[in-house]
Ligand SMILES: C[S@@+](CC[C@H](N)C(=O)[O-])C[C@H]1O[C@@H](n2cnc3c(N)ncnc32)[C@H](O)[C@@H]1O
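Next up is one chain by itself, shown in structure tokens, the form predicted on its own.
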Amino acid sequence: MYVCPRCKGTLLAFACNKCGAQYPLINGIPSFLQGPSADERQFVRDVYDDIYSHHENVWADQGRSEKFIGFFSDLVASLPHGSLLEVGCGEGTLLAALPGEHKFGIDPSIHALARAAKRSTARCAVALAEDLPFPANAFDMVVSVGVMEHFANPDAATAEICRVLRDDGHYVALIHTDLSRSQRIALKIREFLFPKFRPLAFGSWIKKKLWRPIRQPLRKSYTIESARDCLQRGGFLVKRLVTRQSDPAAPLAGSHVIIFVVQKAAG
């Protein structure tokens, strides 16, 4: 299933028969972060490895509740999903819950993927969205949650996701649009303090902020319009937006959370 992320050549024992690149296995997980921009890729990998080596359930306090995971999985299940890829699968909590007969996940962090491998039988690899190690037309469905904002090159990553989708395949992408400082404070008050006080969750969040705080690299700013433009440039047709306004019952963390359901454009 895997191909060389650089030239898309066939791999034999994780060596490319076209460009000669050799990709290592780390504890049984292939790592595809090689190539001309290896320094930048190594930086991204190091940042996320540091995050996951010191924290578990990293994104649980950023809207990844069991209710949200169930909602997102049901949304994906309503579309063709026999073969599925999650971009930025992290520790694999969502990947394990998603439907699909053949599931794959990629992430920059080997530490995250080691946990993901224990949660499901999905095949995982260390890779970035800008250079996916999969052949064209490989998947019915690609998903990403809170990842699009951290693509080093959003246009390249979106085009790659489109490339690995079959004709009429779907990409379901959750993004976080920008919030002002006051909006961020109000969001945390609603999440932890009022109308329901959640002391354990609040304490866990405070600890994470004070002890080895999580700082993701490459944060891009998006509005609904700019995200839509990026997806359309990459070869997608926007079919549906899921927001607090369009779906009041959707368990989204706030009005800044948007789910795009897009489809690969014909041709």
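Residue indices: 1-based, along the sequence shown. Just so you know, these numbers come straight off a predicted model, no measurement behind them.
Just so it is clear, the following notes concern the form predicted together with the ligand, a form of the same protein that is not shown.
(request) Tell me, please, which stretch of 163-171, 97-105, 74-82, 138-146 lies within 4.5 angstroms of the ligand in the predicted complex when heavy atoms are compared? (result) In the other structure, the partner sits against 138-146.
(message) Between I29, C230, V44, L241, only one gets a heavy atom within 4.5 angstroms of the ligand in the predicted complex; which residue is that?
(response) For this set of options, the contacting one is V44.
(request) Consider F202 of the chain shown here, and say whether it contacts the ligand in the predicted complex, taking contact as heavy atoms within 4.5 Å. (result) Contact check for F202: no, nothing within 4.5 Å of the ligand in the predicted complex.
(request) Could you confirm whether Q216 comes within 4.5 Å of the ligand in the predicted complex, counting heavy atoms only? (result) Because a heavy atom of Q216 falls inside 4.5 Å of the ligand in the predicted complex, the answer is yes.
(request) Would you please decide whether R64 lies within 4.5 angstroms of the ligand in the predicted complex, comparing each non-hydrogen atom pair? (result) Yes, R64 is a contact residue.
(request) Would you please decide whether H111 lies within 4.5 angstroms of the ligand in the predicted complex, comparing each non-hydrogen atom pair? (result) Outside the cut-off, so no.
(message) G90, A129 and F151 - do all three of these have some heavy atom no more than 4.5 Å from the ligand in the predicted complex?
(response) Result yes, every residue of the spot touches the ligand.
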